[in-house]
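To begin, one chain is listed below as structure tokens, in the form predicted on its own.
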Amino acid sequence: MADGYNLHSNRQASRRGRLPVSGLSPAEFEAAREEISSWPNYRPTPLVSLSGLARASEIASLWYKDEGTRFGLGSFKALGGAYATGRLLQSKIAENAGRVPSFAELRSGMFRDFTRNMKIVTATDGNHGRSVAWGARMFHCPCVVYVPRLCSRNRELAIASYGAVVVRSTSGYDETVNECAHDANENGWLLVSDTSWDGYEQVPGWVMQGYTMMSSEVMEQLGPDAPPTHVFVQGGCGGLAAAVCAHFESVWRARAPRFIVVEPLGAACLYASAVAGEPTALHEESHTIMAGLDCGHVSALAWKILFHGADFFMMIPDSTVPDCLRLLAFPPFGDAPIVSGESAIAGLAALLYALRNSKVRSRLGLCSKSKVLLFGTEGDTDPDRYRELTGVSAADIRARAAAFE
């Protein structure tokens, strides 16, 4: 395909309720849902119907799960990092206290004598680190967050606002993850990574369980008899895509939608892995303005699911980001205005390309009866970047959205 768009059909997809899932069972989905829904200030994020854009695109329905208000952190990552932080602290405290504390007990400070002597650590390009720092503060535990050299100042400050110590590395994202893991091992810190590797899967599995709070909400918002026919979801290291894929498969089984994983051209490690048929790292440092998707190495745990569960892998160019942000901010077909972050538009960009390319549209099985679900994974987590890319402030768009309602 031209202009940086590429589509790969995954011939290994064997899904329909038969995914080899470890650590992502219906019981674990439900445990995460029950816990996170009990947190202070929890409320489901909106599932927005973009009916005007759907009509213009000649499909039946188009939904956008808007994560821009999640717990005030601005992205779906609030669900995974904080949940995994709590689970990890529970397991470590149980080793010394003789019982597993509840999340409520951790929040209350009842186990502060334990948690203040522990240290949570993670690496991030922004949103995951914000979630881990927020979770560590909520559970009364010190936190250190490593960020790559190109992490924006606004995202660094947002992490620090939750009390974390921020360490800026001199490397890219993947190298920073390695540096963080090394330092955690050397110092006996508690590592909460959203990507996994051989020998390190339990904590990333907890992160992914937290993500399924979002897919639980989607299923409730759509209703039990109305699954989408297509889901376009962001790639990154694969944790989000795998969590949603596994959850939808476990519930909808034979009715599960076609699953399309979307990545930026400069950070398409999942696409490369799908083509190779095995986990494949990028030869050069990954780079994209979609900061949350700037990964060059796949998560081992996520790959086990996506190798069997994703129907297609797709790459999109960075050049599509400004137009998609403006399309959501200034919808031309009567839909409500939406503030979206750079990483949130990947699915929309892929869908729009498919709809205007008859060959791709046909390969994906998009037609007048198609019901498409997109995950708007973040809001303006870097307000300055949002203004730079759209020419307007997010506050202006939110004011228009409030007036629309």
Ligand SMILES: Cc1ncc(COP(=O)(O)O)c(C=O)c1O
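Small disclaimer: the values here were computed from a predicted structure and weren't measured. Residue indices: 1-based, along the sequence shown.
Separately, the form predicted together with the named molecule exists; it is not shown, and the next lines address it.
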Check: Can we say 83, 135 and 143 each have a non-hydrogen atom within 4.5 Å of the named molecule in the predicted bound form?
Finding: no
Check: Looking at 310, 79, 293, 298, which has any heavy atom no more than 4.5 Å from the named molecule in the predicted bound form?
Finding: 293
Check: Which pick from 215, 320, 234, 193 sits with a heavy atom within 4.5 Å of the named molecule in the predicted bound form?
Finding: 234
Notebook entry, point to check: For the chain shown here without its partner, which stretch in 351-359, 27-35, 375-383, 45-53 has non-hydrogen atoms within 4.5 angstroms of the named molecule in the predicted bound form?
Noted result: 375-383
Check: Is there a heavy atom of residue 240 no more than 4.5 Å from a heavy atom of the named molecule in the predicted bound form?
Finding: yes
Next item on the list: Report yes if any heavy atom of residue 343 sits within 4.5 Å of a heavy atom of the named molecule in the predicted bound form; otherwise report no.
Entry: yes
Checklist line | Any non-hydrogen atom of residue 122 within 4.5 angstroms of the named molecule in the predicted bound form | finding: no
Margin query: So, residue 259 and the named molecule: in the predicted bound form, are they within 4.5 Å at any heavy atom pair?
Written below: no
Next item on the list: Can you tell me which bits of 112-132 touch the named molecule in the predicted bound form, meaning any heavy atom within 4.5 Å?
Entry: 127
